[in-house]
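A single chain comes next, written as C-alpha coordinates; it is the form predicted alone.
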Amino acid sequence: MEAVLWYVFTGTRGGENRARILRALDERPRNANQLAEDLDLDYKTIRHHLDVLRDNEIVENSGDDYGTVYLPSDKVRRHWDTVETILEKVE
(Lines give C-alpha, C1' and ligand atoms only; values in the text may rest on other atoms or scores of the structure.)
Protein backbone atom coordinates (compact mmCIF):
# COMPACT_ATOMS: atom_id res chain seq x y z
CA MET A 1 0.00 0.00 0.00
CA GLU A 2 2.87 2.40 0.75
CA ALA A 3 4.14 2.24 -2.83
CA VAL A 4 0.64 2.94 -4.14
CA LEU A 5 0.27 5.94 -1.85
CA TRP A 6 3.62 7.42 -2.89
CA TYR A 7 2.78 6.85 -6.55
CA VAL A 8 -0.71 8.37 -6.41
CA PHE A 9 0.34 11.48 -4.49
CA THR A 10 3.89 12.14 -5.71
CA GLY A 11 4.46 10.11 -8.87
CA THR A 12 1.67 11.46 -11.03
CA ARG A 13 0.23 14.84 -11.98
CA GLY A 14 -2.55 15.96 -9.70
CA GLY A 15 -1.05 14.72 -6.47
CA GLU A 16 -1.60 18.06 -4.75
CA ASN A 17 -5.32 18.07 -5.58
CA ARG A 18 -5.64 14.43 -4.51
CA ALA A 19 -4.03 15.37 -1.20
CA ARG A 20 -6.54 18.20 -0.75
CA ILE A 21 -9.40 15.83 -1.54
CA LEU A 22 -8.19 13.20 0.92
CA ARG A 23 -7.73 15.83 3.65
CA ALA A 24 -11.27 17.08 3.05
CA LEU A 25 -12.69 13.56 3.17
CA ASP A 26 -10.77 12.89 6.37
CA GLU A 27 -12.60 15.84 7.96
CA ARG A 28 -15.97 14.44 6.89
CA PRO A 29 -17.42 12.33 4.05
CA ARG A 30 -18.64 14.36 1.06
CA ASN A 31 -20.01 13.90 -2.42
CA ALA A 32 -18.30 15.19 -5.57
CA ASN A 33 -20.36 18.39 -5.70
CA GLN A 34 -19.54 19.27 -2.12
CA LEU A 35 -15.85 18.63 -2.75
CA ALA A 36 -15.92 20.83 -5.87
CA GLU A 37 -17.48 23.69 -3.94
CA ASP A 38 -15.38 23.31 -0.80
CA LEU A 39 -12.06 23.00 -2.68
CA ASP A 40 -12.97 25.45 -5.46
CA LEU A 41 -12.20 22.89 -8.16
CA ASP A 42 -14.11 21.93 -11.29
CA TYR A 43 -16.58 19.07 -10.83
CA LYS A 44 -14.94 17.03 -13.63
CA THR A 45 -11.54 17.49 -11.99
CA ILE A 46 -12.95 16.19 -8.72
CA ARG A 47 -14.58 13.23 -10.48
CA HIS A 48 -11.29 12.34 -12.18
CA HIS A 49 -9.31 12.42 -8.93
CA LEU A 50 -12.00 10.49 -7.05
CA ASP A 51 -11.82 7.79 -9.74
CA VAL A 52 -8.03 7.59 -9.34
CA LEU A 53 -8.32 7.46 -5.55
CA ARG A 54 -11.04 4.82 -5.69
CA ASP A 55 -9.21 2.71 -8.31
CA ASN A 56 -6.23 2.64 -5.93
CA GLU A 57 -8.43 1.79 -2.91
CA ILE A 58 -7.59 5.04 -1.15
CA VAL A 59 -11.21 6.14 -0.90
CA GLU A 60 -14.44 4.19 -0.94
CA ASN A 61 -17.93 5.31 -1.75
CA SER A 62 -21.31 4.89 -0.18
CA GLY A 63 -24.53 5.47 -2.07
CA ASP A 64 -25.47 5.61 -5.70
CA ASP A 65 -24.73 7.90 -8.62
CA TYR A 66 -25.31 11.62 -8.05
CA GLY A 67 -25.33 11.60 -4.27
CA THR A 68 -22.50 9.14 -3.81
CA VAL A 69 -20.54 10.02 -0.70
CA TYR A 70 -16.80 9.33 -0.47
CA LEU A 71 -14.63 8.66 2.56
CA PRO A 72 -11.12 7.32 3.22
CA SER A 73 -11.01 3.54 2.88
CA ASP A 74 -10.31 1.24 5.82
CA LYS A 75 -7.20 0.14 3.96
CA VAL A 76 -5.77 3.66 3.82
CA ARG A 77 -6.72 4.29 7.46
CA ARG A 78 -4.46 1.39 8.46
CA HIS A 79 -1.58 3.27 6.75
CA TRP A 80 -2.50 6.75 7.97
CA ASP A 81 0.99 7.49 9.36
CA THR A 82 2.39 7.01 5.86
CA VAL A 83 -0.43 9.13 4.43
CA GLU A 84 0.42 11.98 6.81
CA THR A 85 4.10 11.82 5.85
CA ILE A 86 3.24 11.94 2.15
CA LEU A 87 0.64 14.69 2.48
CA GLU A 88 3.10 16.88 4.38
CA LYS A 89 5.53 16.61 1.47
CA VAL A 90 2.86 17.29 -1.16
CA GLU A 91 1.07 20.21 0.51
Partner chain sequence: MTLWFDVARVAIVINLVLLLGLGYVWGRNYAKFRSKHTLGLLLFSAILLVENGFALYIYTLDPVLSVWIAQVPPPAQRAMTLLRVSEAAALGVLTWATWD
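Positions refer to the first chain, counted from 1. Predicted model, so just to flag it, every value in this text is computed and none were measured.
Absent from the display: the form predicted together with its partner chain. The rest refers to it.
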*Looking in the predicted bound form, any heavy atom of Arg13 within 4.5 Å of its partner chain?*
yes
*asked:* I'd like to know whether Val59 contacts its partner chain in the predicted bound form, with contact meaning heavy atoms within 4.5 angstroms.
replied: no
*At the 4.5 Å heavy atom threshold, is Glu84 in contact with its partner chain in the predicted bound form?*
no
*Using 4.5 Å between non-hydrogen atoms, is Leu35 touching its partner chain in the predicted bound form?*
no
*Neighbours of its partner chain in the predicted bound form among 58-91 [non-hydrogen atom within 4.5 angstroms]*: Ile86, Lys89, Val90, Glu91
